[in-house]
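Form predicted on its own, single chain, as structure tokens, below.
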């Protein structure tokens, strides 16, 4: 039970922790290179974490009702909607950080709100899964302590990975760190879109498509390395054609933003 808890919780914590770290780095470095950009105030990150934590508790509490929605595929549909909204808000967030069409106050407000949605929804999704897992173990006292210990260990590993990624990026030359952060945001968006396709397929809202490859013999999704790659780039050993298509489409969406393109052009303008 201890190892199962570590693997399950690590998968949930890593994704949120790494996304938060990358967003912090990108927002921190923007105004160092682009005079028309402005970093999002730190209060938005705190508000997002608090909102996400409350959302996780709410989702876990409402899960018995959610599970009956849409002919008993409510959790899949709700999670797919949340991840789709994360992709859309991440795209809008990147647009707003380089936009000159809005007044500065409005731009900063909307950029903060989209950041809040991205982080809060990510934390709520992952946190609710952890709470539901722990709640399911509560009725088995013999398993409770190993699960709680595994949860604590996995949370520590996940948070530590996020901190290490943050400091690894900021230790790089600032322009390299900014470009790396933007590439990781592109991969995060692709990961979210691929998960949307998978969830909607599982709910029978989308038709099944053929599996393109199987790399489980080289690296399983349940290993520590597999979990880290899943959180960073959305690694999956057996992706379907539709998942790969959604992944590429979401990547191109973020790449199309002026902010991403300017990272590879003149530094200051």
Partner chain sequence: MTLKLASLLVVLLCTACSREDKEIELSLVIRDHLFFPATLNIPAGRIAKVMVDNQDATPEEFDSKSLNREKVISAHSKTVLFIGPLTPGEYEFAGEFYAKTAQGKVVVK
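Everything numeric here is computed off the predicted structure, so don't read it as measured data. Positions refer to the first chain, counted from 1.
Just so you know, the form predicted in complex with its partner chain exists too; it's not on screen, but the next bit is about it.
Using a 4.5 angstroms heavy atom cutoff to its partner chain in the model of the complex, none of 15, 215 and 264 count as contacting.
Although the partner is absent here, residue 201 lies within 4.5 Å of its partner chain in the model of the complex, judged by heavy atoms. Although the partner is absent here, residue 184 sits far enough away that none of its heavy atoms falls within 4.5 Å of its partner chain in the model of the complex. When contacts are judged by a 4.5 Å heavy atom cut-off, residue 51 does not count as touching its partner chain in the model of the complex. Contact annotation: residue 116 falls outside 4.5 Å of its partner chain in the model of the complex, judged by heavy atom distances. The stretch among 184-192, 107-115, 131-139, 86-94 whose residues place heavy atoms within 4.5 Å of its partner chain in the model of the complex is 131-139.
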